[in-house]
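In the block that follows, a single chain appears as structure tokens, in the form predicted on its own.
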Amino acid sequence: MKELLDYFKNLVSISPEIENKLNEIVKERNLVKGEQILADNSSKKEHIFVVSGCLRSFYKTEDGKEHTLQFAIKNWWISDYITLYTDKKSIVSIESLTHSKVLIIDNSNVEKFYQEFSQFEIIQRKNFEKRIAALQKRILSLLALTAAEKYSQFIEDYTEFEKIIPNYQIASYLGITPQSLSRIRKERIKN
């Protein structure tokens, strides 16, 4: 819980009342590598804050192919946003790629918290604005960049991910095959 308080303290002052309320609504959970915190076809509406480790959200097609949507590391938020903000069940899953510690807040508690402490709604709106900009950048890169350019952008934006995320999941995130990623890496080493 201290990590979430520190995260918020970098953005706004935290009163004892706010700290007490957060202690009431936040659940801590330790995950083992490979554990799913959210499975597809779930109706759980939770905001997940990563304290340590690395999580990913992914979509699995009927033929079993996985498409990685997002990675999240320390001080990042992750969720199934379609389920969070609509009445639809999840179509994505979220799993822990490492041993991880997360803090979970049910969406109904988040909404009540925003009503009581409106400055946090502003903070989360700003977080969503950044997330939307990153999502648009990602969509444009998937549409317009070559595989090598996608990888270069990934390395530039997320250097720390390459050390902890398996190659096939990076390839899935980039929308390329693991073989293409391997080829691109070999070319980068040559140059």
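Small disclaimer: the values here were computed from a predicted structure and weren't measured. Just count from 1 along the sequence shown to find any residue number.
Another form exists, predicted in complex with a further copy of the same chain; not displayed. Remarks below refer to it.
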- If contact means any heavy atom within 4.5 Å, which of 24-32, 159-167, 65-73, 48-56 contacts a further copy of the same chain in the model of the complex? 65-73
- Task: Please check if K44 has a heavy atom lying within 4.5 Å of any heavy atom of a further copy of the same chain in the model of the complex.
- Result: no
- Check whether G175 has any heavy atom within 4.5 Å of a heavy atom of a further copy of the same chain in the model of the complex, and answer yes or no. yes
- Message: Residue-level contact is defined here as any heavy atom of the residue lying within 4.5 Å of a further copy of the same chain in the model of the complex; does T146 satisfy this criterion?
- Response: no
- Using heavy atoms and a 4.5 Å limit, would one call S108 a contact residue for a further copy of the same chain in the model of the complex? no
- Message: Within 4.5 Å of a further copy of the same chain in the model of the complex, counting any non-hydrogen atom, which residues from 134-163 show up?
- Response: L135, Q136, K137, R138, I139, L140, L142, L143, A144
